[in-house]
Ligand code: GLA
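One chain comes next, on its own, written out as structure tokens in the form predicted alone.
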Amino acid sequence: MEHYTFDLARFKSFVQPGMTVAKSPGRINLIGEHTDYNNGFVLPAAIDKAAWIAAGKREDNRIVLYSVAFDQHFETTLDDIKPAALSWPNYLLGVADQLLKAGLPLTGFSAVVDGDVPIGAGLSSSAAVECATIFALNALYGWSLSRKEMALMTQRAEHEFAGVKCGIMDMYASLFGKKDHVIRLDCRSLEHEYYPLNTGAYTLLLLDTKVKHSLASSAYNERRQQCEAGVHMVQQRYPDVASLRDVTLAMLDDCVPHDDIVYQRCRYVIEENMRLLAGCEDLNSGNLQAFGQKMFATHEGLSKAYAVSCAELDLLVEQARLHPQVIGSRMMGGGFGGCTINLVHQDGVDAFIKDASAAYFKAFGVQPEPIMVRIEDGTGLA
């Protein structure tokens, strides 16, 4: 799967008459990491790599699925929707399950899934599949679900079928993406605003470390608990505080001992929200250099205070710091692997990839994979 090449013509050869086709993009997150489950802000954008779904009604109550990429079939019935041993069907089944729970008149259907969102790179391939599925079925059956309703349903599908307690960002970015814009999403109110990302002579380059360390999920849960512990400490003195979103640095200093690990975790989240809001002003004024500096600062916080980076990610960001034509770089996603996201002048892309890859290979014996992305529109019919 690592080097799977998506072929749109091949995908279309599986599309039967009467099927509805939808495509839904993966996403990047420019700044605002580990803020979502603390009711903070995130700044994602949809990218030019997407999941494609073709769905058609059946005369019976069967659900018949086919993955072009894996060349695998899966079948079940509407009465027997449950998590499967194979992972890929669960993204479609979880959506079907949510539609039935919402009382929508879903019948048996066939669906074909394919796409070019790299799997395991932290670009939310799973959310892309879920959003493409719900968008295709919504159109096929003539329902009138809003994009916000779809985002919430696909998030629940991910929780219940994939077993991942993700925030709402991935689904929201996929469904609400807008070409050449980032989305400032308030994870508490689910209100969003668009900010222009005019990269000009700069390119968005991801470097995939090709690693995923096993402590990612346990550390993620631990960070959530540490943030909740900090909120609990603050609430003893400030009872109106509901989440870290409401906590100022002064409150944190007042209530949590500085030598407590909880202090470090909470301080990072509070500062990250402040960085993101300031970064939006940088984008409004077209100051990419200042925005890029905030990306570097985010990485520093994620690596030191929040401790969710790893040697591989840190080395790639360090390489970015050494390269004069890279104006911003940080790890992206939950941590312990995945990608770095880099703002690189187009004249320096090849040299940066060459230098960073050489240093990375020397340290780890693996070549990182470069992935160039552009910011595109969100989910739609194709």
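Throughout, we count residues from 1 along the sequence that is shown. What you are looking at is a predicted structure, and each value in this text was computed from that prediction instead of being measured.
Absent from the display: the form predicted together with this ligand. The rest refers to it.
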This ligand: the contacting residue among G40, G328, P44, G333 in the predicted bound form [heavy atom, 4.5 Å]: G333
By the heavy atom within 4.5 Å rule, which residue out of C310, A139, C166, L145 makes contact with this ligand in the predicted bound form? C166
Within a 4.5 Å heavy atom cut-off, is K49 in contact with this ligand in the predicted bound form? no
I'd like to know whether D36 contacts this ligand in the predicted bound form, with contact meaning heavy atoms within 4.5 angstroms. yes
How about Y220 - does it come within 4.5 Å of this ligand in the predicted bound form, if we only consider non-hydrogen atoms? yes
For the interface check, one of 349-357, 320-328, 55-63, 333-341 should have non-hydrogen atoms within 4.5 Å of this ligand in the predicted bound form; which one? 333-341
